[in-house]
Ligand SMILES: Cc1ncc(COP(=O)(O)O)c(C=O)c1O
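So this first bit is one chain, no partners, the form predicted on its own, shown in structure tokens.
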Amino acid sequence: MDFNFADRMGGLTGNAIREIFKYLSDPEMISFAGGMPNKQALPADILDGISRELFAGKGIYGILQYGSTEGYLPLRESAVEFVKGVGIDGAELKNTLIISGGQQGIDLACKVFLNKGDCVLVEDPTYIAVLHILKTYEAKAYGVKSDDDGMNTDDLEEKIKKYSPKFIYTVPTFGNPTGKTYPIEKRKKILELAVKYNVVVLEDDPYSRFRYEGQALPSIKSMDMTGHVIYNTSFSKIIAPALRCGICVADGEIISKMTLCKQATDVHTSTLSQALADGFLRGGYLEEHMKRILPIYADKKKLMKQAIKKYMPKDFESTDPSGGLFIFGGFKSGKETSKYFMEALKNKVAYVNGSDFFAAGDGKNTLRLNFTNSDDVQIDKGIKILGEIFAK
């Protein structure tokens, strides 16, 4: 049958990482591809205890019913306290929305702000899913140059003036894919430019709790006195991805518009998931949970860096982030990583081509590696295999 699809479907391809997931059902596959928590870091016992308490309580029938689009009230209250951890002291219930994973926050912001052909500025490289989401809204992503410490603010200002973007998307703490973290001066400058040119900033922050060294930095939103910043975070990495539960904090008018769009999308985030997340926060489990998993992840990052130095070709250079889930690297010789991708899969190792993270498909000599999901033996073995393949 000749289906009459919407124009937006033309040229729309799947998220590269989600496509790779098709191969990950193979138990022998060593995956450096997805940003998945290690199974050691999934607090199954804690969530089991919380769920037993929920189902034994009289309030379970309310939890199993339809709920408010804005979110389960106890979690919204916990969320206001949770974001104080990144310096956001001004959050209130009226400017807090519970979302179905951090990715929905991006999607709702696009729904609220974007018309066909509108521009969004992103750091080059950036989170792969935001590029995919922008395509579904027929918007244009333009990459801003990236320095060793994140988005180049001179280039950002030039591109604000050139493209008049609807918003700026950024992951300023342990960014995906590079692991870079913006210093406080750069955060202030981005906010200053947003206010000067009246541009919204979508600050995506799923990784800031994964700090292995150094001092924590305040979010851009914590410095926002004018309502220009949407703060977006998720419990997917710190509790469990399957909860599909996160938080948006923004100006009340923006939250109101996002809530209207969420009503038409999924009515509300699963109340059961919200109750589990609230129980985790309210029960005081988060601090001990992070103390337990941070040393595990820090050791895995160290092991992967050692393996890269030992096995990868000498012209391969990579980041050494002080937190997050990813190492990003590239070949100075210009070697195109996509040409080796299928051979790596045949040898049971998966990674993500770096070009998928660039607005215009640049960075063909780069790749992203996740170090949290694999065990220590797999990290050493997988990097050794990649080193042999790339050395050909």
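None of these values were measured; they are calculated from a predicted model. Quick note: we count residues from 1 along the sequence shown, nothing fancier.
Beyond what is shown, the protein has a form predicted together with the named molecule; the following relates to that form.
Taking a 4.5 Å heavy atom cutoff to the named molecule in the predicted complex, the contact residue among Ser234, Ser273, Ser222, Thr153 is Ser234. Taking Val86, Ile106, Ile254, Ala141 one by one, only a single residue has any non-hydrogen atom within 4.5 Å of the named molecule in the predicted complex, and it is Ile106.
Remark: of stretches 255-263, 156-164, 204-212, 310-318, the one touching the named molecule in the predicted complex is 204-212 (heavy atom within 4.5 Å). In the predicted complex, the named molecule stays beyond 4.5 Å of every heavy atom belonging to Ser78.
When contacts are judged by a 4.5 Å heavy atom cut-off, Phe113 does not count as touching the named molecule in the predicted complex. The closest heavy atom approach of Tyr72 to the named molecule in the predicted complex falls outside 4.5 Å. Put simply, Gly101 is close to the named molecule in the predicted complex: some heavy atom of it is within 4.5 Å.
The candidate site formed by Lys301, Gln378 and Phe390 is entirely out of contact with the named molecule in the predicted complex, as no residue has a non-hydrogen atom within 4.5 angstroms of it. In sequence order, Tyr169, Val171, Asn176 are the residues of 160-194 having a heavy atom within 4.5 Å of the named molecule in the predicted complex; the partner itself is omitted from this view.
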